[in-house]
Each structure stands twice: as structure tokens, then as C-alpha cells.
Ligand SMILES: Cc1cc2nc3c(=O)[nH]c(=O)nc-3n(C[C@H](O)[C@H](O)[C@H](O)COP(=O)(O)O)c2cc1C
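Just one chain is shown here, as C-alpha cells, and it is the form predicted alone.
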Amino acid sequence: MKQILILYFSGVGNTKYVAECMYSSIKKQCTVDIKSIEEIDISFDLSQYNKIVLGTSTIHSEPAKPMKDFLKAINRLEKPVPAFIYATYGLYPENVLRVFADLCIAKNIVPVCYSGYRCSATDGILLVPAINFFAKNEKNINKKVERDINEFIKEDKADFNKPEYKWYGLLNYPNKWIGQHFHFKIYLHKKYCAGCNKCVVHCPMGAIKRDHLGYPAIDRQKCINCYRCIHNCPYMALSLFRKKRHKKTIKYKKQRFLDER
């Protein structure tokens, strides 16, 4: 059997970054594969691995919808496989790891270790760019990731280790409910759209198509507000504001005004 699989869903790159840090650490010690759930289908054989690492981004205090859909769709493993689960978040993770753990255990993927990592906030950096906190990862995140994954590698037990319920998460419920039911509209600034198609290609939900004029059109029913389209637009043509573009994004930290176009 192969030893360890790292499987993740990443919205704009934070969860992928953590997964790659884990990969770099694990490959020094044992055999490891790394895959995004967008690269495989539900028939992928998870049981060929001794251990699994599962990572998800956090969207409105929940595991990202693509990861939830993936776990619900795969078949339950015949034998339990120990897992390390982690979530990346921008400000507050609430009980995302507890929800994530329940989804995993239902498929006989048994979380024995878990952790959360605060990364640059996909929405905060867009809405309040002046606050540098939202553009930064937590301090010493690489060392924390390496410490956590090494602990998982050495862990021999396969007992379910469920994250404790955070009762104070109830204080965030109004914000969570609003975030899940009232989504920001994503606006297109046509003057700056180069038709590069990156927003269409990168959308994890296939929610963006090109209209009859070649401009991106977003299906609001499919959109999960991961804002990958905004953060991957090199011309910052997509925005949460109707009349102005963003000053910076995670991928393009400084705004690129291409007024000469």
C-alpha cells in the first residue's frame, strides 16, 4: 500500500499552500501523493493509502461546498483509514473542523489529528484592503504545519479524535447565517476585461460562462463566493463594488491600473 495521500480543496490558494508545505515535509520521510479534489473523480481509490490528509478552505464557517460534495459522493471505505484534517480560514473558523470531521467519519475516514491555519482572508482583503491583517498568514505558519504533520506521521493510533464543540461559535451565528443567505454580487468592469478566460477556467463550480459578447457572466445560483475569479483576474476586472475595482487581491497584491489599454 502507498503511505500517505494529501487531498485538498483550495479556494484561492491558501489551502493548496498548506498542502504543499505538508508535502515537502512528508516526502523527506515516506511516500506521499498530493492531489486536489478537482483533479480526481469520486471513483478514486482512497483505500490504497495507509493515511490520508484532508484539507479544506472555510466559507462562512463551513467546509467549502466542493469538499462537502466530494465527501458525500464517495463510497464509504471498507476499512477505517486514519486521517489528519485541517481547515484554512481568514478570521474565525468557528466549528468548521467539527463539521469536517463528521463528514469524514461517515466515510470511514477517521480523523486522529486536526488543525486550523489562519491565512489571508479572501473577502477581507477585498472589502477592507487598508487592514493589513487580512492580507497576512498567521505568524510562523510553516513551522506550525511541519510540527502538526510530523505528529500525524508518528501517530500510531486510529481512534476518532473529534474537535470539541466551540459554544462561543453561537455568537457568530448571525454573521454565518447572513453570509450563507445573502451573497455579495460580483461586478464586471468591462473596460478592463481582456477576455483572458481565467475566471471561467478557474471557477470550481463552473458558474462562469462567456456571454454573446465574450464577457464573463456569473450564474449566482452556482456561485459559492470563494472569490477565486476575482483573485485570479490579472487585470482586476472583477469586483465586489459596482463602481470601483479592488486595490489589491491575494494573487495580485497591488492594483494594476491598465488605463493605457
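Residue numbers run from 1 along the displayed sequence. Bear in mind the structure is a predicted one, so any value in this text is a computation, not a measurement.
Beyond the structure shown, there is the form predicted in complex with the ligand, which is absent from this document and is the topic of what follows.
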| query | finding |
| --- | --- |
| Heavy atom of Leu97 within 4.5 Å of the ligand in the model of the complex | no |
| Contact flag, Ser10 vs the ligand in the model of the complex, heavy atom cut 4.5 Å | yes |
| Contact label in the model of the complex: Asn225 to the ligand, heavy atom within 4.5 Å | yes |
| 4.5 Å heavy atom contact, Val53 to the ligand in the model of the complex | no |
| Answer range among 215-223, 196-204, 37-45, 56-64 for contact with the ligand, defined in the model of the complex as heavy atoms within 4.5 Å | 56-64 |
| Residue (of Ile186, Ala121, Val112, Cys104) lying close to the ligand in the model of the complex, criterion heavy atoms within 4.5 Å | Ala121 |
| Partner contacts in the model of the complex for 66-95 (non-hydrogen atom within 4.5 angstroms of the ligand) | Thr88, Tyr89, Gly90, Leu91, Tyr92 |
